[in-house]
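The form predicted alone is given below as one chain in structure tokens.
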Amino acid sequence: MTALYDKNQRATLAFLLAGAVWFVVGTLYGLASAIDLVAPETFNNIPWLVFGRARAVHTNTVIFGFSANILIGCGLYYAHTLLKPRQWPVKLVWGAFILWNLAVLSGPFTFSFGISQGREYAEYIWLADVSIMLSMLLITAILAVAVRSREEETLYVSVWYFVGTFLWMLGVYSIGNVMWRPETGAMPGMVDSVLLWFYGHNLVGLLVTPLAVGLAYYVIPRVTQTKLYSYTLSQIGFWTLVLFYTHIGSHHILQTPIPNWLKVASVAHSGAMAIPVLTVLVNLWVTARGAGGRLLRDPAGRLVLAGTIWYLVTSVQGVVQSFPSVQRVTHLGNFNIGHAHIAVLGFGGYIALGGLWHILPYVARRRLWSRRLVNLQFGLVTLGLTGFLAVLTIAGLIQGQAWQNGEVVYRVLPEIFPYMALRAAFGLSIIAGAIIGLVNVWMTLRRGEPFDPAVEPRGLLP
């Protein structure tokens, strides 16, 4: 089996396989968290599964383990394919893979035993932070070598997004995790809140978003067999993302005593995010104009298209939620949890899965074992995520309205109990989708029909 693989792409394949595994692990920890909210006594004697520990494993594993692993693997594949570099340092790719996944692996082994830095989305201990930073440095070095030694003169927009991600995340990650203070990973007082939400929001905006958008720019034109509609729009989307996104995280702490100028800037630029979002979506959708049927019939294309729709939904939500009058009702309840799920799983996750099913056959040199299982995964994850959005939105509005009216927590909890039970039930659908996806990846590697991409460069496309 191994002999079939392109040696330059073995580490890329490792990223894709790891992402499929972490999707299962991350969602199982999510189920443990959901059960805790329905029946808190379930894990009373199992401290490593209580909500405060399981949730940190869930969020970090899904973001860094599932979404990021697959998006990075796909990015390395298309960077190599689009740039056609004369040099591709395979050992550095393996180094980046090992360092990245050691950090992800540390989550279940540290958070479960109460060892973390205790800051939301920044729980990794300092050594894991160092591991992620070194991994990003290696990927940056790999891309620098590839760009410098490329045979293809034009830098396609997907490469812009992929390279840009690691250039700015090196700064965002080190500052947001306060890495110069390894003993705490935090600053005192309100400064820490500002730094934390600068980091937490940019995890979605400057890690998941550019990796997902870059992948969508790669997959959609290939599946539809059309040229990108506008290179100019793609550049506007790229540069306005950098211009507006970096500092809007402070809209998460509008109800705190941070400087007013920071509140105004974060809200104003949250609204300005309509520019990069709409330019990206218009560009992608017009590119697919006249070939929508081809996109919908392709399992990978359908996932990426659905991911762009979730991108629109979560972006509209994000702008509306940034208004102080709306945030007073929505921010500190389940409404925001529903928003986070459609951002990470709906937008980033769907496009990652679409990229996985599109690129895996080219990396493994085997056709997909089962297109039906991809369709089944799409259905199960869509059922689960749509259900999540509905029940968490309703529960969040109940919580917000109750708090506005001064009701006490113990009276609100029974009101949202049915929604928490439904949340756990819909989570089972997402877990089933994750397991089916892992089975399909493994069976593709073991039993997929061999083919040679050099002979059939578009062998999987209609």
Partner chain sequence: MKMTPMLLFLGGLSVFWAAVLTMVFMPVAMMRSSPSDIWRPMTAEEKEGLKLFVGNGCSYCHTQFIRNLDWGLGAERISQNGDYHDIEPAIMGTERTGPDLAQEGGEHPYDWHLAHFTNPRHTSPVSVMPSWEFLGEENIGKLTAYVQFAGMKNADYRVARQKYWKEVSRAAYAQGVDRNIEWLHSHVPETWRMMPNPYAATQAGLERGKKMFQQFCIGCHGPIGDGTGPAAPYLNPRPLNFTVLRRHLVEERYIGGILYFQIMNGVTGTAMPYFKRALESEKIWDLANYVAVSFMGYTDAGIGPKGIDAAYEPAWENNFEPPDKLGFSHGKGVGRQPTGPDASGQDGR
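Numbering follows the first chain given and starts at 1. The model shown is predicted, which means the values in this text are computed figures rather than measured ones.
If you look for the form predicted in complex with its partner chain, you will not find it shown, but the lines that follow are about it.
Though the partner is left out of this view, Pro299 does not reach within 4.5 Å of its partner chain in the predicted bound form, counting heavy atoms only. None of the heavy atoms of Gly290 is located within 4.5 Å of its partner chain in the predicted bound form.
When its partner chain is considered in the predicted bound form, Leu195 lines it closely, a heavy atom lying within 4.5 Å. Within 4.5 Å of some heavy atom of its partner chain in the predicted bound form lies at least one heavy atom of Gly114. Of the candidate stretches 291 to 299, 348 to 356, 375 to 383, 196 to 204, only 196 to 204 contains residues with a heavy atom within 4.5 Å of its partner chain in the predicted bound form.
Taking a 4.5 Å heavy atom cutoff to its partner chain in the predicted bound form, the contact residue among Tyr362, Trp88, Phe238, Trp369 is Phe238. Residue-level contacts in the predicted bound form: of Leu332, Val145, Leu137, Leu312, one residue has a heavy atom within 4.5 Å of its partner chain, and it is Leu332. In the predicted bound form, Thr256, Pro257, Ile258, Pro259, Trp261, Leu262, Ala265, Ser266 are the residues of 256 to 276 with at least one heavy atom within 4.5 Å of its partner chain, listed from first to last.
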